[in-house]
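One chain comes next, on its own, written out as C-alpha cells in the form predicted alone.
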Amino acid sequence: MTNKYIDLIDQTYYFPQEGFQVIDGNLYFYDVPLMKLVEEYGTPLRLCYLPKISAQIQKSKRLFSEAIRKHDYKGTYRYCFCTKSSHFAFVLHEALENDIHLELSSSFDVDLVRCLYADKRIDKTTFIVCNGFKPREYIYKISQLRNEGFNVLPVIDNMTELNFYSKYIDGVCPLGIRVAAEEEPTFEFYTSRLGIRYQDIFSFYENNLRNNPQFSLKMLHFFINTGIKDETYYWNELSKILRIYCQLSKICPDLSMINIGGGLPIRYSLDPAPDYEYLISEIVYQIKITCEKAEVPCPDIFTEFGNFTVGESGAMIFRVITEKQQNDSEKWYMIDGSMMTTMPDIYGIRQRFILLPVNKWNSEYQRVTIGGLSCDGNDFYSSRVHRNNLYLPQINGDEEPLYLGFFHVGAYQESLTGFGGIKHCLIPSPKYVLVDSDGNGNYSSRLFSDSQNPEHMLQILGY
C-alpha cells in the first residue's frame, strides 16, 4: 500500500485531467508551473489564466452550433457575458475577443460599456441586455445609451419600470420581460424577488405594450439561481417559460428571442465534468419541439454566462505557515491569508472549490483542517465544506513550505469581497497575477496588482 498524496489522488479520481497535471511532485495549472509563479511573486497570490476565458466561450458557441445543426433548429444563438461575475478590464477584453454580447445589472455597468466603446472593444451592434431591479439612475443611463444608438435591450423587472422609459427614451425601443421564476423547493422563498409573476405577464402586455407604438416586446427572459442542471427542477422551469413564450408569441408578433439566463455549471471538484453536450442539445431540442407543437416560430436563443465564462480561469494560492495539533483528532494547517476575505463564497454559502497542494505530491498525507489568518471562527475550510475528508501532504518539518491552491475561483470573489479596500482584521488583498499563453506551451505572466501595504489601508481609514 502506498501513502503518497499523488497515489491517493490517483486512486480516488481520474487524474491527471483537464487543467491539472503533476510533474516532479509539483502541480501545473493549464500547463503553467505554479511553483515558478510562487517563487517569482510569493503568496498569498491570486491568478487568472486568461486563455481559459476564451476557451469556455468557444466551447459554448461550438456546442450550441452543433445542437442547432443536429436538431435543424430555425433560430440563432447569442452568447452574453454577465459583467457582474467580473468587471475587470482584462476579463472583458479577453471575453470580447470572441464576438459576444453583454448583460448588465447596475448603473455603473453603463459607464463600463462607454469605456469599452471608447476603447473600440464593442460597437453599437453589440447587444446590451440590461437586467436587474433598476433604480431611477440606472433607468436614466440605460435610456441615454439607447438614445445614442447603442443596441440596448432593457429587460422589464417590475411593471412600474416602463413609465420611466416612456419619459426618457426617444423613438422606438425593444424590450424584454423577466419572468419571476419559482425558486428551488429547498429555498427560503417560493418565488424569485426579481421579475414579473407568471399570472401578470399577459395583462401587463395587453394593457401597456400591445398598442404602445414606442415599445416592441422582443425577448422573454428567465433566470434561476441554481443555473442549468440536469435536474427536474430546471427542466420544469424551462418548460414553464417555453409555454409562456408560445402563448405570448401568438398575440405578440414581435416576440422573437428567449433568454434562458442562468449559467452552465463549472467544476468544483475533480469528479467528471458536467455533460455540456447533452445539456445544450436537450435545451435546444426542448425549445424546438415546444414551439413546433404550439405552431410558433422558434426564437433566437440568448444565454448569460458569467461563472461559466470566468470561474475556471481563477486560482488562489496560500502558503502553510505552521501546523497546529488542537486535540487528538483535529490538526490544523494555518495559512498566510484569509479564505473569508479572498473567497467569501466559502464563508457565505459554504461553497467548495477544488483544493490541491501546489507541491509535495510525493509526500505522505494526513487529514487536516485549513485555518485562515483572521480572528473569525468561521475562517476555515474543512471536510464538511469539502464533502470528503480533507487530506493534504504532511509537512514533517521540511525546509520547503507547503503551498495550497484553491481552483476555479475566478468569478464573483472579488466582486463580493471588494478589490483592495478594507478587509476583516485589516488583512491585505493579495497579489493579483495575470497569466497568458501563446498556444504552444509557452506562458507569460505579469503583475496586475501588488498586495496592499499599510500606508494604503491607513489612508482609506483617514489616518
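Small disclaimer: the values here were computed from a predicted structure and weren't measured. Numbers follow the displayed sequence, beginning with 1.
Same protein, other form: the form predicted in complex with a small molecule, not shown, and the subject of what follows.
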property: Contact segment among 314-322, 260-268, 293-301, 333-341, judged by heavy atoms lying within 4.5 Å of the small molecule in the predicted bound form; result: 260-268
property: Val152 within 4.5 Å of the small molecule in the predicted bound form, heavy atoms; result: no
property: Residue contact check: Gly306 to the small molecule in the predicted bound form, 4.5 Å heavy atom; result: yes
property: Close approach of Tyr347 to the small molecule in the predicted bound form, 4.5 Å, heavy atom; result: no
property: Contact label in the predicted bound form: Tyr245 to the small molecule, heavy atom within 4.5 Å; result: no
property: Contact assignment for the small molecule in the predicted bound form, among Tyr381, Phe223, Phe353, Tyr138, heavy atom within 4.5 Å; result: Phe223
property: One residue of Arg146, Lys360, Lys134, Arg178 in contact with the small molecule, assessed in the predicted bound form (non-hydrogen atom, 4.5 angstroms); result: Arg178
